[in-house]
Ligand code: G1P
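A single chain comes next, written as structure tokens; it is the form predicted alone.
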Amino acid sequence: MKGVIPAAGKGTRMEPFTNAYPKELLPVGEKAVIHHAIEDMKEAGITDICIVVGWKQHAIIDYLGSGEQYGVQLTYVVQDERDGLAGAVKSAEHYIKDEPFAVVLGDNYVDDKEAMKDLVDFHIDNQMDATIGTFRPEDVSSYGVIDPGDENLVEGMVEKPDPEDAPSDIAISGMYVFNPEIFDAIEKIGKGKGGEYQLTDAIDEMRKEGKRVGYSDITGTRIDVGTPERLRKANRQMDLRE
């Protein structure tokens, strides 16, 4: 199985820091947060990884290089237009071709390194077409939120709902496993919330077409470093784990 790490966003909520370098290079402990994402993949046995770059792409490429020092092989794909997470995943289609693949966002810090492995195992064992790693934040309004059904199947999802409109308290973590049918689904969606192509819309398109879309809570603590407060929280969590 191959992996995809989207790392093309500008990170406007972390300005002025991200005026100089991408948010994926912000430090959690002694490593850039994207380094932790690569470790998540490696722990799941995924060593062939595509990094989708855009904003300040050369900084990420200079930092990560070929991936040899991390025990992985890295390939880089440029997302020329920052048009949403679905667009970032779609840009890796020629690299993935026709096999299942895992996705973890490049600004995601998860303190349990078995989380991606568990998600891959769930996807395979339950013969899913798409699997969403989920978690339960205090405030769901910053995340995609699923409508859970029986047997860990997803009945629907909403991108960044107001808390009173959320179908549950189960949010999308930024970890996924997909069969290649996700690329066809991305082709069919239009721009959604925020004027971007939302990955949640593409996943929901798969569900509407009768594909098996499941969810599984990831283990450990998950934090994206999209704001200064969350970056501090990730570093505190890192300290607690050491």
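Each residue number is its position in the shown sequence, starting from 1. A quick note: this is a predicted structure, and the numbers were derived from the prediction, not measured.
One more form of this protein should be noted, the form predicted in complex with 1-O-phosphono-alpha-D-glucopyranose (G1P), which is absent from this view; the next part is about it.
When contacts are judged by a 4.5 Å heavy atom cut-off, residue 176 counts as touching 1-O-phosphono-alpha-D-glucopyranose (G1P) in the model of the complex. When contacts are judged by a 4.5 Å heavy atom cut-off, residue 144 counts as touching 1-O-phosphono-alpha-D-glucopyranose (G1P) in the model of the complex.
Mapping the unseen interface onto this chain, residue 172 counts among the residues with a heavy atom inside 4.5 Å of 1-O-phosphono-alpha-D-glucopyranose (G1P) in the model of the complex.
Interface membership of residue 108, defined by any non-hydrogen atom within 4.5 Å of 1-O-phosphono-alpha-D-glucopyranose (G1P) in the model of the complex, is confirmed. Contact annotation: of the candidates 92, 154, 85, 103, the single residue with a non-hydrogen atom within 4.5 angstroms of 1-O-phosphono-alpha-D-glucopyranose (G1P) in the model of the complex is 85. In plain terms, the part of the chain that comes close to 1-O-phosphono-alpha-D-glucopyranose (G1P) in the model of the complex, with a heavy atom within 4.5 Å, is 159 to 167 out of 159 to 167, 70 to 78, 146 to 154, 111 to 119.
Contacts between 214 to 231 and 1-O-phosphono-alpha-D-glucopyranose (G1P), taken as any heavy atom within 4.5 Å in the model of the complex, involve 222, 224.
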